[in-house]
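The data below hold one chain only, encoded as structure tokens and taken in the form predicted alone.
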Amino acid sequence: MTGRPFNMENKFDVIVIGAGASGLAAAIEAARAGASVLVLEKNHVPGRKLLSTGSGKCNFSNLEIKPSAYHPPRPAFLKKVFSSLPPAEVLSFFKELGLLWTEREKGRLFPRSLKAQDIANLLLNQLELLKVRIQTLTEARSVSMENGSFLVEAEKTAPKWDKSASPAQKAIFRAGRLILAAGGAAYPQIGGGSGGYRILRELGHAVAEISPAVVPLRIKGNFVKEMEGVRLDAVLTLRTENSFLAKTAGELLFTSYGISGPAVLDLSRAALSALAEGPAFIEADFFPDYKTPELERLLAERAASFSGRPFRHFTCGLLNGKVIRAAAARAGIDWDAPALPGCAPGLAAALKSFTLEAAGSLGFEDAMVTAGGCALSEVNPQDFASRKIKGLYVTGELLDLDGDSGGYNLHLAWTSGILAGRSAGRKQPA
């Protein structure tokens, strides 16, 4: 670390705990408002998790930001949030930093370079210009209050690869305002953790139980291993034994453990919630552009034209062979028997409603987002200030609010960080 010795007390107007998306945005806005700002980050580089978003391309926002894309439903809260900082102003924030972006499917926005590193660099360049101090490899362990100021006890951490590092060093940092932007528990292998939630509880905030969200799903049955690597578009319907819950469309990826891909990630939160109450099923429609009678006719006509030839010949060119084989098995069709028009109804039904029973998720290690967190009733939606502790702000993934995949979670991180930073930067200590 550079700058003042680590073992001496340092005082700032604003301390930001966490150099993720919301923390970096908050630090920029607080510094722009004239505050002296310190950012504490436990990783060896700022924005570590940001670099992995969108498979390294950084789906940083969406053209259609709306309350219905967030969970649990909090329309009144989000209406005030987006009224305080309209989504277009977040894009203006990045335009001012120098970002050019491109639109992809479903309104997803990416940097034109398709490199998450460029987003991180733009943020860090601005912080350098504003002379914001970022202290990496420094983890906030506890927060206390003294005479209206926040005292943050931090500990210097060693990189995992440094086996010869000296024992941990501790220091106390002081500030009039504190922005808690420590991030969620997703992807612990690149810095995710529960430290922010612990600090919130210690400060007296109610914190809803956390769980993985926007995460691949495990599926019951060994058949998925035979379909590993298959990638195709489908319409997915989530249901329980008695009711329909949700529907989405997009790419579906079969893996050795179950299913992944954008369509699955969109349903994952609702699927895990349903599974907590009982069995949950996902029905995949591999021919959404055909109604069932139309698909039956297509398959019957195709079988007639392949008369006398093995069923495996009939399937070639129709759809991915592994998918057809699995559907045929469910329809009781012999793979090597002659193709017959009579197989059409059963095969069409299997292809239009290929049922998968959920068995759980891969956990935080593969989750993109953390569900649960700080109770929204204890946070002001206009600036993300704590309603319980003056001078405290809670942003990003620490909130009990998570969005669908597609840039919604990062947009909320930018929004909460910008609003918190602006407010914290202009307020004076009590």
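Note that residue numbering begins at 1 and tracks the sequence as displayed. The structure presented is a predicted model; accordingly, all values stated were derived computationally and were not measured.
Separately, the form predicted in complex with a small molecule exists; it is not shown, and the next lines address it.
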I have Leu200, Ser386 and Ala424 flagged as a candidate spot, so tell me whether each of them has a non-hydrogen atom within 4.5 Å of the small molecule in the predicted complex. no
Could you spot which one of Gly54, Gly372, Pro381, Gly391 gets a heavy atom to within 4.5 Å of the small molecule in the predicted complex? Gly54
Within 4.5 Å of the small molecule in the predicted complex, heavy atoms considered, which of Gly176, Pro216, Gly191, Pro262? Gly191
Applying a 4.5 Å heavy atom distance criterion, does Ile28 contact the small molecule in the predicted complex? no
Non-hydrogen atom contact Ser361 with the small molecule in the predicted complex at 4.5 angstroms: no
With the partner left out here, check for me: in the predicted complex, does some heavy atom of Thr138 sit within 4.5 Å of the small molecule? yes
Any chance Ala19 has a heavy atom within 4.5 Å of the small molecule in the predicted complex? yes
Counting only non-hydrogen atoms, choose the one of 98 to 106, 303 to 311, 335 to 343, 180 to 188 that falls within 4.5 Å of the small molecule in the predicted complex. 180 to 188
